[in-house]
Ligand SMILES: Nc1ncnc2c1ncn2[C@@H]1O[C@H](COP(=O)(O)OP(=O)(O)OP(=O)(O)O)[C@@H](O)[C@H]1O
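Next comes just one chain, in structure tokens: the form predicted on its own.
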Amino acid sequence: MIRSLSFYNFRNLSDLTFQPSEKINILWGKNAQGKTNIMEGIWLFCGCKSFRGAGDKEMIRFGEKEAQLFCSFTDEKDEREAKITITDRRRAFLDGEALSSPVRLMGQFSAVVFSPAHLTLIKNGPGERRKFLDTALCQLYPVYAGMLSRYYKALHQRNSLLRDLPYHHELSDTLDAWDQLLANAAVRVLKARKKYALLLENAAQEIYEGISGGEIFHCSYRQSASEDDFVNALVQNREQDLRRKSTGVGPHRDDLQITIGGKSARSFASQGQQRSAALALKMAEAKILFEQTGAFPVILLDDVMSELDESRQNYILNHIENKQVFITCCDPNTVQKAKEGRFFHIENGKLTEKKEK
């Protein structure tokens, strides 16, 4: 739970410090005033990159050389202090000690973010769903970030070798070694994703049924190669890989398959069903974090409430009681059921608490 937040030279925000409510916090104002910047700043304390895909330098206020962010939060036992500085890159500190990488914040502070981009989680391509799985896994199991990094480094090296082989035949003997290295890294990623997908299905099924009124929801991990025989799959596909100069099987090609009523949600579900499915997956992510760690993550709902109909809004609000939540919107009346909590108006990067909506 966040006790205090401070931002200096971050995006368009005026230097500010505020103490949010332990329950619901409504950040409201017109577009481009800084609401999402606050959500982005909170998200960085998870150890992840910007959920908007921004580079580090883009998050420094124009004309400045450094941004600083501070977060005081409590875990299951203690109050912690985290700091992030952004110059040419991000640096992170926890309880006054410098961390080797911002990734080291993973597992110390956790949040779940739901933004308009996540509403297309179902209808977009497999890459979006792989990113969803990997981000969720990195928070739940911080060691997974290292597994994923090792896999993509090995994949990059193998792809480079595939591109070089037509011009350097003497390198062909090294392909077997890279296949084995890639397989070792891939197996760890595959096992983690499959294990998480099972947890996700159990949690999301119940949530989706509650949103939809009883429709049958399933999700399952679809892999392009089995972890039990990954090296053989690479060998069998080697000729094709050499032609296209890239690796055709592995976790980078896999997908999280979603079905509603036994049919592909991506191909056959209505827009409302797809949004309900995306909502179920994100709420399931929060539920799993709580069940596995004992601490409920901070929930960040960035500009999505107006995109959902009243029944879906009500479902969210009825299931976030007694949890710390940040909601951004243009009109606070969008969140009509949020009777408790604190309301903050943001304009030109300045935050002001409003006692009334």
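Remember, predicted model here, so these are calculated numbers, not experimental data. Note that residue numbering begins at 1 and tracks the sequence as displayed.
If you look for the form predicted in complex with the named molecule, you will not find it shown, but the lines that follow are about it.
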| query | finding |
| --- | --- |
| Among 55-63, 292-300, 42-50, 317-325, the region lying within 4.5 Å of the named molecule in the predicted bound form by heavy atom distance | 55-63 |
| Heavy atom of residue 11 within 4.5 Å of the named molecule in the predicted bound form | yes |
| Residue 33, heavy atom within 4.5 angstroms of the named molecule in the predicted bound form | yes |
| Contact test in the predicted bound form: residue 313 vs the named molecule, heavy atoms, 4.5 Å | no |
| Members of 184-209 lying within 4.5 angstroms of the named molecule, judged by heavy atom, in the predicted bound form | none |
| Change in CA distance between residue 261 and residue 306 in the predicted bound form, which is 3 Å or more, as closer or farther | closer |
